[in-house]
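What follows is one chain in structure tokens, specifically the form predicted on its own.
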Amino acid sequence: MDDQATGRNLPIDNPLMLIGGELVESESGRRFASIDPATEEELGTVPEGSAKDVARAYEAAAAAQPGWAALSPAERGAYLRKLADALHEQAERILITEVIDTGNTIAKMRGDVGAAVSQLTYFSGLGYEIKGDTVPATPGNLHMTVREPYGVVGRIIPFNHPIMFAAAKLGPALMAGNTVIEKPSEQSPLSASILAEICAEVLPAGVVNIITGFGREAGDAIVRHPKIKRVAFIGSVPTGMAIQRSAAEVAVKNVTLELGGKNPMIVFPDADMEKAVPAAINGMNFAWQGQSCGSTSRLFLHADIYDSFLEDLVGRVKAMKVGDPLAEDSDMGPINNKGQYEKVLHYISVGKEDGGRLVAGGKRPKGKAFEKGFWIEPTVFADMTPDMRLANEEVFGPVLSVFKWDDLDRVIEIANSVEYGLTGAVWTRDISAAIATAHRIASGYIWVNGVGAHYPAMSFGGFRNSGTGREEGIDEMLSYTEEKAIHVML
């Protein structure tokens, strides 16, 4: 696919969906465009999947599932490792596609395929942990539980890490013996077509089915299909709540949600400032345009260090290079899509209206290269108070809110005052204070003297409106099974 308007060359031609092992157009023949966020030019088109396509995918997945479940854990694991190897071989092709399609910078995006490969490899070895228990419920008889796959499961993927989420999240569902229907984000769908090609080549037909399309039809059809009893979604709180409502209208389903966050980073006066200042930038995920649910977008600085920390932070943020995401020296690219760009601009305006002090960014970069595209400078608001809208609502963009504190009980109260509870970070040399504070933060994933990192076998997920269920650990794989009790009367 050659984008003549921008001179960018995408290493994918005529992207298609995957249904029943075949690369296909949508049933309607409709296609929709993916837009380059750096230029607003059309990159290419993908099939616009419909409810009929989802129905076709379900039939294919249902037909393939008994044979897939009948394989031994070792055999399913071997297929996952084969998928991981194929992804690794296509890493450069996927990388270029995703950088252009998402706007994420190439230096950071390079790790996404590796993360997917690692997750697939991790789950490929967990099959023998899908086990039940024996219970001495009565003397002389045998009472036991076993775990069985749901059958056909659905996954809906966000735009910020398309291939990482699309590929890695196949692992636990497939290892548990399910077949999968997956819908990538309509905002960054191109790499999913490469994944479709790979799955068609290395997996049995129907085991993985990939439907490109819009949430309002293809996504809704997955959620509402009465025989898809297990659905997982990563995205915003409003969409997650809508999925829960829609699913409940057709059947009793197991729906897990990994949703948004307005995550606190609390810095004590004794923290290592040489590490904490760059960590505040890394935790905000400016390199991903702030488009990460785990971003520590609320920075709480103790009064004793507030001024010096803020000065250092602002200097570093202003020095960040916003530029072409394909350039190795770019620190931040454009916002992923027009709707998200407009949302970010709205919240910058709201921050000013509510009395936040804009100390960095807040506008489009200067220069001819930024006349088109969804560009915004990394932005910092200081002197924030908990009554401000920007202090409470998720932006999902490069906007950091900085607060001053001097009372620990009060700062924890403020940290826990929002509807979210996904991640949090505590920075102090006092390990007792760190652990005590970590326990008091109402979030599901806490770093002490760190930010951002995810670790193998550690389950990730949120409290409150940040979601339900856990991913990335063994709990995720077991969530794709149902427990059955068997009683043998001897």
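The first residue of the shown sequence is 1; numbering continues from there. Since we're looking at a predicted model, the values are computed, not measured.
There is also a form predicted in complex with ligand NAD; it is not shown, and the following applies to it.
Is ligand NAD close enough to Ala276, Val426 and Ala434 in the predicted complex that each of the three has a heavy atom within 4.5 Å of it?
No, none of Ala276, Val426 and Ala434 comes within 4.5 Å of ligand NAD in the predicted complex.
Note which of Phe214, Phe370, Trp405, Tyr79 lies within 4.5 Å of ligand NAD in the predicted complex, where distance is taken over heavy atoms; exactly one does.
Of Phe214, Phe370, Trp405, Tyr79, the residue with a heavy atom within 4.5 Å of ligand NAD in the predicted complex is Phe214.
Looking at Pro264, Gly103, Gly283, Gly260 here, can you tell me which has any non-hydrogen atom within 4.5 angstroms of ligand NAD in the predicted complex?
Exactly one listed residue reaches within 4.5 Å, namely Gly260.
Is Leu190 part of the interface with ligand NAD in the predicted complex - any heavy atom within 4.5 Å?
Although ligand NAD is absent here, Leu190 would stay clear of it in the predicted complex, with no heavy atoms inside 4.5 Å.
Can you work out whether Phe381 and ligand NAD are in contact in the predicted complex, taking contact to mean some heavy atom pair no more than 4.5 Å apart?
Outside the cut-off, so no.
Would Asn160 show up as a contact with ligand NAD in the predicted complex if we use heavy atoms at 4.5 Å?
Yes, Asn160 lies within 4.5 Å of ligand NAD in the predicted complex.
Within a 4.5 Å heavy atom cut-off, is Ile234 in contact with ligand NAD in the predicted complex?
Contact with ligand NAD, yes.
Report the stretch among 389-397, 71-79, 321-329, 201-209 that approaches ligand NAD in the predicted complex to within 4.5 Å, counting heavy atoms only.
Careful reading of the contacts points to 389-397.
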